[in-house]
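Have a look below at one chain only, the form predicted on its own, in structure tokens format.
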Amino acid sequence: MANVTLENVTKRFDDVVAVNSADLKVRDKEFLVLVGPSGCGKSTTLRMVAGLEEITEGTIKIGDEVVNDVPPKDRDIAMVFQNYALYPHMNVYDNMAFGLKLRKFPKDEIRRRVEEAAEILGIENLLERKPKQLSGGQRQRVALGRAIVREPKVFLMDEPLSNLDAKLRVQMRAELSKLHDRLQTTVIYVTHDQTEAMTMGDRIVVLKDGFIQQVDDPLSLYNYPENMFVAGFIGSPAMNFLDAELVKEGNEYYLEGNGAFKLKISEEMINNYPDITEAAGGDIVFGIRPEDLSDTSLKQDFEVTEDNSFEAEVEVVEPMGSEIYLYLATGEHNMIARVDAESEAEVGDIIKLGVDQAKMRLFDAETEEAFITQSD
């Protein structure tokens, strides 16, 4: 296997910059996920690594070799597409063997590789079937098998699960993770689904408008987003953002939200992130994830005081089985709280919300950059 390195890689389509000065190093045997909204440049990045798109500027290396001018067939990569791209007139065995036959592999070696891949994927009994006789999940396994038999340095996967139903996607996520552990391969995986990214990636690359926003492991990305875009994109339901002013009273600092709430900044946060104090007197954005807001009528995982709580009106109640989503309003602010299913809150109720101060995130209102990051 091999690492993949992008150095100042840019891709332009006429006047449109699809990927802008991307610097990225994919480690050997790593499962790296590119995630972001439609049009952010993730598939274009993958296609440049594959050689299906020419780069406008920069350098791409696979291992120690610069591959800018190397044709796709000579890059020692295998790609799995969203639409499976199976040959309808060939059976499963021939679909999986086709690339090896083109490369003039001996028949015995082709059979060994195809049967081994079929066993890994649990499709040994499907080798004589045509694609039209297969379910979506089975077709995806065949597409994966065709990549596996190549034994490439790098696997490239472009939204391979997006055509599957929700239940099968969950199952295939687990299967792909197990497959990666077994094969110990380098994988670059593109998705727009942040749940896929969080559950599958060793590291995640978040893109927006052609720019890399942050590269980190899933938990660091979730707990320490470097800007509001990453904070809002990663997590479901998304992080709540509330406009506030940071005020200083004596030696203490508070977040004030136009009379709707007044929350104290913990002493620990002030000590650990002194840059916050420089924003005193200015507008900032207060971010808190729905699971870090609590219905104070229930048992709390943290101490609730007047310094870390405020009142809000319940506008919508969404029972989710093991938990409830409460859509709330206080003053001009709207938010979602993810609370225990035992909550008895109803539409129209005024409830007291507790805020886990350790999980509060503050962002510069102008730059949208976080005051608190993992690198701090």
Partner chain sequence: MAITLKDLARMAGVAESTVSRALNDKPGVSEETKEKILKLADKHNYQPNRLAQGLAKNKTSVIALLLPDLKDLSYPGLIASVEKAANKAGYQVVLCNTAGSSQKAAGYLDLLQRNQFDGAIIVGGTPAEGKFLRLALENKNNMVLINMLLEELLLPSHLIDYQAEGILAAEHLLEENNVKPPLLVLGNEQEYAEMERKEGFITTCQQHLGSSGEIFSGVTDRAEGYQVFFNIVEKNQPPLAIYVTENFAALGLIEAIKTGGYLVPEDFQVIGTGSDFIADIISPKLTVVDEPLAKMAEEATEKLLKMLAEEEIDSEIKVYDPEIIAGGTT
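Positions refer to the first chain, counted from 1. Take the two forms, find the largest set of C-alpha atoms that superpose within 1.5 Å, and that set is the rigid core. These numbers come from a predicted model, not from an experiment.
Form predicted in complex with the partner chain: not shown, discussed below.
Q: Report the stretch among 213-221, 144-152, 272-280, 287-295 that approaches the partner chain in the predicted complex to within 4.5 Å, counting heavy atoms only.
A: Contact criterion met by 144-152 only.
Q: Name the residue from Lys132, Lys299, Arg182, His89 that puts a heavy atom within 4.5 Å of the partner chain in the predicted complex.
A: When the partner chain is considered in the predicted complex, the option within 4.5 Å is His89.
Q: Can you pick the one in His192, Arg75, Arg113, Lys264 that has a heavy atom within 4.5 Å of the partner chain in the predicted complex?
A: After the contact test, the surviving option is His192.
Q: Taking the shortest heavy atom distance, is Val16 within 4.5 Å of the partner chain in the predicted complex?
A: Although the partner chain is absent here, Val16 would touch it in the predicted complex, with heavy atoms inside 4.5 Å.
Q: Going by a heavy atom distance of 4.5 Å, is Asp202 a contact of the partner chain in the predicted complex?
A: No, Asp202 stays farther than 4.5 Å from the partner chain in the predicted complex.
Q: Looking in the predicted complex, any heavy atom of Asn125 within 4.5 Å of the partner chain?
A: It does not: once the partner chain is placed as it appears in the predicted complex, Asn125 has no heavy atom within 4.5 Å of it.
Q: Though only this chain appears here, would Asn83 touch the partner chain in the predicted complex if you measure heavy atom gaps against 4.5 Å?
A: Within the cut-off, so yes.
Q: Given a 4.5 Å distance limit between heavy atoms, list every residue of 200-224 close to the partner chain in the predicted complex, or none if there are none.
A: Going through 200-224 in order - heavy atoms within 4.5 Å of the partner chain in the predicted complex - there is one hit, Asp209.
Q: Is the shift of Met90 between the shown form and the other one large enough to count as movement, that is, does its C-alpha move by 2 Å or more after the core is superposed?
A: For Met90, whose C-alpha is compared between the shown form and the other one after core superposition, the shift is 2 Å or more.
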